[in-house]
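Here we start with a single chain on its own, the form predicted on its own, put down as C-alpha cells.
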C-alpha cells in the first residue's frame, strides 16, 4: 500500500514514472478514459473548501472506470459531533479503496494514514503541503521545458502559507538544472526548511527578474491563514501582474497559478500565450488518474 502524503517522498525515478503514466492517461482521455479501476471506490473527504482539487480527483476516478463517494462539506458529517479523524478514517477505509482528503491542519493526512486500511492521498493540509498539486505543476512544466536543461522557476506571492509552493519546491529539488527564485515580502517569505543556499531571494519583482524567468509561479495571499486582518489587507496587493508586466517575460516562458486567483493576475493576461494556469488546472485530471492507478497498483 502506498500513501501520497508529502512531496518529499518522491525521488527522480518515481517522478519520471508518474509523469510518463500521466502522459499515458492524457492520451486515454482522448478516447473517454479507461476501465482500469472498474469496481474500485474513491472517497473524497474535505474539511476545507475546494473546487478544482476535489472535482478533479472525482473526475479522475470516474475516467478510470471507478466510483466516488464524497463528503464535500464536513458540517454535515459526524465531525460536527466531535468524531476524531482517526475514527472517521477507520470507518471510511472500510467503505472505499482509496481516500483523498484535505484539512486546514498540517499533518492531518499523516494522522489519517497511520490508521487507514487503504491509501491516503493528501489533497492539502493547511499551510503544509499539497503533493498532488506539485505533480500536476511538474507535469505542466515538463510539457514546455526539458527538466534536464537549465530553467529558472520564479515563485511570487504568499510563500509562507503557500502549500503548493512548498510541495513544488520540494519536487523540483530532484532536478539539479532547475534554478529556484523566491519573491515575497518579508512577512510571507519562503520558510527556511524549503530553502537552499543556491536559491535567490527577493522582496520585490523587477524587470531583470522577469526577463530571466522561464516559469513564473504566482500565488494569492491567503486570507484564511491570517490571524491579523490588517496585515492581510496590507499585503494582499503586493504583487499584481497585468499584461504590461507579463510582456517583460521571455516569449517562451509560462505563467502558472494554483488557483483560485483574486486579483494578483489581471484577466487581460488570460489571452496571452504565456498564460497556462487554466491548462495547469485541467492537467489535474490525467495526473490524478495516474496517481490513483499508481497507489492501487492497477498498472505494472
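Source: prediction; values computed, not measured. Numbering follows the first chain given and starts at 1.
What comes next is about the form predicted in complex with a small molecule, which does not appear here.
Chemist: Have a look at 259, 69, 26, 240 for me and say which one sits with a heavy atom within 4.5 Å of the small molecule in the model of the complex.
Modeler: Among 259, 69, 26, 240, a heavy atom within 4.5 Å of the small molecule in the model of the complex occurs only for 259.
Chemist: If you check 88, 140, 164, 103 against the small molecule in the model of the complex, which one has a heavy atom within 4.5 Å?
Modeler: Looking at the other structure, the residue within range turns out to be 164.
Chemist: Would 181, 211 and 213 all count as contacting the small molecule in the model of the complex, using a 4.5 Å heavy atom cut-off?
Modeler: None of them does, since no heavy atom lies within 4.5 Å of the partner.
Chemist: At 4.5 Å between heavy atoms, only one of the stretches 195-203, 127-135, 168-176, 182-190 reaches the small molecule in the model of the complex; which one is it?
Modeler: Looking at the partner contacts, the answer comes out as 127-135.
Chemist: Taking heavy atoms only, is residue 220 within 4.5 angstroms of the small molecule in the model of the complex?
Modeler: Residue-level check for residue 220: yes, a contact with the small molecule.
Chemist: Is residue 52 near the small molecule? Define near as a heavy atom within 4.5 Å, in the model of the complex.
Modeler: Residue-level check for residue 52: yes, a contact with the small molecule.
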